[in-house]
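Next up, structure tokens for two forms of one chain, structure 1 and then structure 2.
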Structure 1
């Protein structure tokens, strides 16, 4: 991607949902109006600065105090321009915030933790973390829940952000338009690793989404062979189980559900590629990679760390 490209994984000027299309149209309208006004002001300013610059011997200018009709004009002019902005603004506000939820809408409960995301699909019995998967062409209702501090759920290509406020039931409703993958990130400052609270967003075609759901509902994979088998034993016997769920093995709820951890592409809430090397470093000392991470460092031998990583990556 070239440096001047307007597309990027977080671009706000590329739409991937119905809401984003509405917002982008408004964004464009207002931007061009502002550019036009700005250009006009600069042109007048430039002209005035050149034309009325002091010339030797010029007399004092007329000491005029103002012209009311001009001032009325530039009170009314902007008022009309603002009306042009305000009307579609109000329309889009109500269109995007008062959507009826159709019966087939997919509900996703988004929980923002310091500093990771949990996505659960109550109707599908799926719980995952840091990778949001949704189907294209179906309305999705995001229910935003904050268990600790305020976060903000922002997937730019979906068309906006909404704060995740503990104690308040915020929602965001939209319809992803077509398959694709991009990023989202926490947009409300939430403490030490606010910068490391990203997410990956995948929009699947409906059939592929259903396949993904089936895979996620499946029980955790039984590891085959070494060192994954050792890794599982290590996992089950260590502090890991206190915080993490691997269905059938543990039921911790403080950290992300790891039942299908191996299917995720990133590690640490969008921070790092989910590779064996990164995972080894992560299980040994997560706070060294992610400041403030709640998972404490563990004293593991090379062998133990590799076994644990192998087990986790096997959880496809």
Structure 2
């Protein structure tokens, strides 16, 4: 994929949901209206410049006062254009801003923290972080909550964005159209690592989404063998348990739920691939990788860092 690919990871002109298609259709209509108006204006301007250009010895053109029909035309014309734009615009606003919950819709509560995302599925009993998984062909209602500062939930190919505001419940409803991986980003400046507050969005076929839900509901995997076993003991004896949940081991709520952390492909809210090397560096000194990260640096030996990373990656 070249640097100017039309269908890039953050493209806003490739629709992957019904909401994005509605918005792009409206943009397309407005764009073609602007092209038609621009073409007409430049055509008339070109005609006037050529037809009425100054010629040597030409007499002064006949003078006239007022053209009522012309004045009426250039008053009614823009009004009609605005009406043609306003009607579909209002229709799209009502379709994309609805607060009603459609029947059989999947509800996802989105919480924006500095600087990571939490996604919980109340009807499914699933909580995950930074990687949003939804089914294709099913309407999804996102309930947006801001526990700390203002963030903005934005998945470009899903269309539009919504602010995540403390004390205010915002809603976004859409239907992903096809399976695939997409990228999202916080779109409201929220502090030192605002640019590092991304998310991976995975749209599964319905049967694969059901399998993902079953896997997420399962208890944390018990590590087998070294160094993961040592890593579990280190996790349980350290400050990790005060911030992170691993079902059956800890119940912290300040940081992301890690019960199935090993099944995620990224860490640090999409900053880095979830590899052993990156995870070792992360557990030793997260702020060195992500400025302002609230996870403090730990004085771990290389052996301890590798053991802790092995345990976390085993949490599939």
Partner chain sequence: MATRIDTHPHPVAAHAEATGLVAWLTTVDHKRIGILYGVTAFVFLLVGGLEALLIRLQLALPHQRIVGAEFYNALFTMHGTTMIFLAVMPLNAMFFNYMIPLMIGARDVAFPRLNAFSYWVYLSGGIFINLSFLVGTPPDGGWFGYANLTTRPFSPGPSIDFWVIGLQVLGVSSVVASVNFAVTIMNMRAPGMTLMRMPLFVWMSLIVQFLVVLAFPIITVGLIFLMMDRFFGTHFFDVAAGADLHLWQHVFWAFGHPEVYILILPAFGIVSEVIPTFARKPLFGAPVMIYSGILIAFLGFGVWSHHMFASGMGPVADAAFSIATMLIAIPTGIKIFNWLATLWGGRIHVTTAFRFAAGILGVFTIGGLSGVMHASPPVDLQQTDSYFVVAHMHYVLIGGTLFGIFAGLYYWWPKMTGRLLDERLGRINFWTMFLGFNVAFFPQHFLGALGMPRRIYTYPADAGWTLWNFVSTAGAFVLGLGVALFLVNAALTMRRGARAAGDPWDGRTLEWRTSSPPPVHDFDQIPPVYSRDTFWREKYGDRHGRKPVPRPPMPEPHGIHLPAPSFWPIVAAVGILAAAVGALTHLALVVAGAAVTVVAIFAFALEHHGNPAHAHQVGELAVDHRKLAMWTFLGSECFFFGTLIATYLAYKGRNVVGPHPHEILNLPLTTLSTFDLLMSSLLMVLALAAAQRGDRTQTRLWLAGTVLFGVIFLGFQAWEFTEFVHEGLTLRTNLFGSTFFTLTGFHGGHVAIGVTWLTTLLILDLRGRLTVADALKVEVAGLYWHFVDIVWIAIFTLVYLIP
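What you see is a predicted model, and the numbers here were worked out from it, not measured in a lab. Between two forms, the rigid core is defined as the largest C-alpha subset superposing within 1.5 Å. Residue numbers count along the first chain shown, from 1.
Student: Mark the structure, either 1 or 2, that is the form predicted together with its partner chain.
Tutor: Here the form predicted together with its partner chain corresponds to structure 1.
Student: How far, in degrees, does the smaller rigid part rotate relative to the larger one between structure 1 and structure 2?
Tutor: About the larger part, the smaller one turns by 15 degrees.
Student: Residue 31: how far does its C-alpha move between structure 1 and structure 2, core aligned, in angstrom?
Tutor: With the cores aligned, its C-alpha sits 3.0 Å away.
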